[in-house]
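Taking the form predicted on its own, here's one chain by itself in structure tokens.
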């Protein structure tokens, strides 16, 4: 696997991506154990009054109070910062928790922010809710066209969101162009949800984004056994988010942080297989007579293929495709898979398949789903790390039955 630069450096050069996955955050493990211990304690004895005062003034202290975080969380944050080539990172109890804290950190009553239609449905619902609660204005756009960002920016725009690749349609945002536009026309913070890509395939901060956010529940954890979120960026910006986080309290427990660190140690190896399997499966589906259209960033048929190859190093493990038979075809397909599990989450080692219109995006009215490009016959497929032929054969037999 080719080396990918990270924020970790030796005396001579930067380490490759998988090496950074293996050793990122090591300096927070002071125990000498190769597998860092889990620190469950919520309170810590101070050796002196002066030390207690120092920890109380340090919002990143790992041994002050459990709501402020643990050593396991600090290790995870250092690991994320290394992979994203960021100054700092912050972990939370879910991806939505991280997005919520970012929104609280940078918006005040009377401000304006830009969000997107073509994204994870509950992110849109959260943005609608927070706009009302915080007394701020929000403009929802189709983020696949940069002109929509240009038209939406206002003098009081303080926050701009993008999700690329988008869930579930895999539409892309030109991060560099949007970042330039946002920074030229406003003092807004530009946030990119890069969950589908992971740091292995895309580094938004290198393309001009201010903050990158992930649902760590997905590929970062990789084993479908922990719910968490992370964000990374400059020290100044992450400190602002951390301040809100510390008092709102979406704290990630030490065991969850430990599970994420363990999962990330193999991220590079897993993503290599996810990328390989997904590209092969996309190419297979494009020739199938029951498929109307396939969406995969590294397929040459993707309308934004050139953009994908410019800002990504791989297409990721997510495929979206539309069946010719609409709702009946979609529900029939996912009812007949056997190896590939019907489930709403994604990014784990096992392949999962879902029908967005009736499952992951069913909380949105049909009109709102269609604004985001989600049709009744659309399927979202999270391609796992099984052998490609087994994934393909199971999907093929399910397609034969509809």
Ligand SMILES: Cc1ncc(COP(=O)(O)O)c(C=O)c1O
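What you see is a predicted model; the values in this text were computed from it and never measured. Residue numbers count along the first chain shown, from 1.
Note that the form predicted together with the ligand isn't included here; everything after this is about it.
The shortest heavy atom separation between residue 124 and the ligand in the model of the complex exceeds 4.5 Å. None of the heavy atoms of residue 84 is located within 4.5 Å of the ligand in the model of the complex. Contact annotation for residue 143: none of its heavy atoms lies within 4.5 Å of the ligand in the model of the complex. Taking the partner from elsewhere, residue 200 is found to have every heavy atom lying beyond 4.5 Å of the ligand in the model of the complex. Of the candidate stretches 96-104, 174-182, 266-274, 239-247, only 96-104 has residues with heavy atoms within 4.5 Å of the ligand in the model of the complex. Listed residues 212, 114, 170, 228 were compared with the ligand in the model of the complex; 228 is the one with a heavy atom within 4.5 Å. Among 190, 321, 149, 196, the residue placing a heavy atom within 4.5 Å of the ligand in the model of the complex is 196.
Each of 120, 163 and 218 places at least one heavy atom within 4.5 Å of the ligand in the model of the complex. Annotation for 33-68: no interface residues with the ligand in the model of the complex [heavy atom within 4.5 Å].
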